[in-house]
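Read the single chain below, which is given as structure tokens and is the form predicted on its own.
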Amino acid sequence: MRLIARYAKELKNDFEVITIYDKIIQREKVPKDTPSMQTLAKIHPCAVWFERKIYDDFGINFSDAYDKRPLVHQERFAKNIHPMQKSFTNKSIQEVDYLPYKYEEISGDGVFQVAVGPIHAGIIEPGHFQFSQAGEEMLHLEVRHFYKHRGIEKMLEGKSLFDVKAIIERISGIESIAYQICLRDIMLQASKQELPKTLKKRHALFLELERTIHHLNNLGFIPNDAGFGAAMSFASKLSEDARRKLKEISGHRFGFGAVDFSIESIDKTSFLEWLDTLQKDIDFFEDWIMDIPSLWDRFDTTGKLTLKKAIKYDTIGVVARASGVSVDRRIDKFYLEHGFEIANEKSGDVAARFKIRLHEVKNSILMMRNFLDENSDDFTLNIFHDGEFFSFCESSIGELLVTIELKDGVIERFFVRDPSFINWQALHLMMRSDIIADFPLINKSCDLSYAGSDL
């Protein structure tokens, strides 16, 4: 089974740890006086971050875990404070004496450590990368994020579903539409309603446009990190045009507020003309970029993630599909009827991840044509019922999970598992045997979200 997420919530007398697989959901009660349980990381390595976060948030110990270091707690965070417990109501946290974080390191003759981040030259969120090096060769990488822990899970407790939309859609800017669709589906579940097909098509169009923007951006940046800046200039222009089109049809460059329950008219003629132009431009770009041998010398075999490792680490999204794992939340009747074709490569390297993005842009163009609909339906949400609700969406990075528990009409527990939270943990597997100069190229070929992991 594929591990999707593991998280905890507080009950009256116990904690409950929920483990979500692709086929089943398991629940385990943990007594508050002896909060301890067994690790899953020996079977599912990606469980490590989930379990470290559960300890930081709730104080639940994983007795046989091989990694018990803090995850979201920084060096001056008190060990005995677990802010997701209901008893924690403070607005601030008193800093304690600095306790250095012990990085995973390889030692030996000629081996040295290289620290990159958390502040970077680009305009990106903070993230730290700690390398063990032997000359130029990367022996090991440890990824460490969570420098801007925003307290979103705690912040949303006690709020209604309508109160949280503006927060949820801003968790990760490159996945705003995907987050909105997850919230939409939870609203539908809680109100026991189904969405009219016209609205479903409209929202799917927004999602594929968001995916196109993200992929176009990366189709420029990946060659740029291999020294071919012309590709970045060309693809950035296409990405900017697409973002302006998103603003034109949704009212915002990042699509904030786009996924609602009313339909605003889209100029179908103008949108189709733009799609025609984008199709010609992406066809030209593909012909151009595929005929540059020196570029593919950098892409091929660099940052390789084998099928075996991709499955073992439960990877998702572009990262998984580039290694031959056919996992995509769009494999359903609705998407298949509108032209969806899953993209798959097998080599698991930068080249494969680049090709996946090319394929998905072209497929998104086809689907956006099919999602255009001039019809409209009136739709009003019913009252929300209490319960525990789970929703999934295939963002541009991969499978996104949002779960919300409603109690007395407000949020009792809010949890997000961004696809990046999984895939960041597999990044170190792509570095071995490559040189440190390839790190930006490998990292960009995955293009994961820092903010989506740092709640």
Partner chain sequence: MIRFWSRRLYESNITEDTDLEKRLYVIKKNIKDKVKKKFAGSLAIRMVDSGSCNACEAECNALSNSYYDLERLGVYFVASPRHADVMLLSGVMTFNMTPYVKNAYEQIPAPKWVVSLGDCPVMQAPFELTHAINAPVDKYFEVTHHIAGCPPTPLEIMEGLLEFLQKI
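Numbering follows the first chain given and starts at 1. None of the values given here were measured: they were computed from a predicted structure.
Omitted from view is the form predicted in complex with the partner chain, to which the following refers.
- Stretch 141-149 is the contacting one of 203-211, 310-318, 141-149, 345-353, since its residues have non-hydrogen atoms within 4.5 Å of the partner chain in the predicted complex.
- In terms of contact with the partner chain in the predicted complex, the residue from 129, 371, 234, 384 that brings a heavy atom within 4.5 Å is 234.
- Shown without its partner, this chain lists 125, 185, 328, 225 as candidates; in the predicted complex, only 125 has a non-hydrogen atom within 4.5 angstroms of the partner chain.
- Within this chain, residue 171 lines the site of the partner chain in the predicted complex, having a heavy atom no more than 4.5 Å away.
- Taking the partner from the other structure, the partner chain in the predicted complex has no heavy atom within 4.5 Å of any heavy atom of residue 269.
- When the partner chain is considered in the predicted complex, residue 296 lies well away from it, no heavy atom lying within 4.5 Å.
- Within 4.5 Å of any heavy atom of the partner chain in the predicted complex lies no heavy atom of residue 137.
- Taken together, the three residues 95, 120 and 159 all lie with some non-hydrogen atom within 4.5 angstroms of the partner chain in the predicted complex.
- Within 4.5 angstroms of the partner chain in the predicted complex, the stretch 236-258 places a non-hydrogen atom from each of 236, 237, 240, 241, 243, 244, 252, 253, 254, 256, taken in sequence order.
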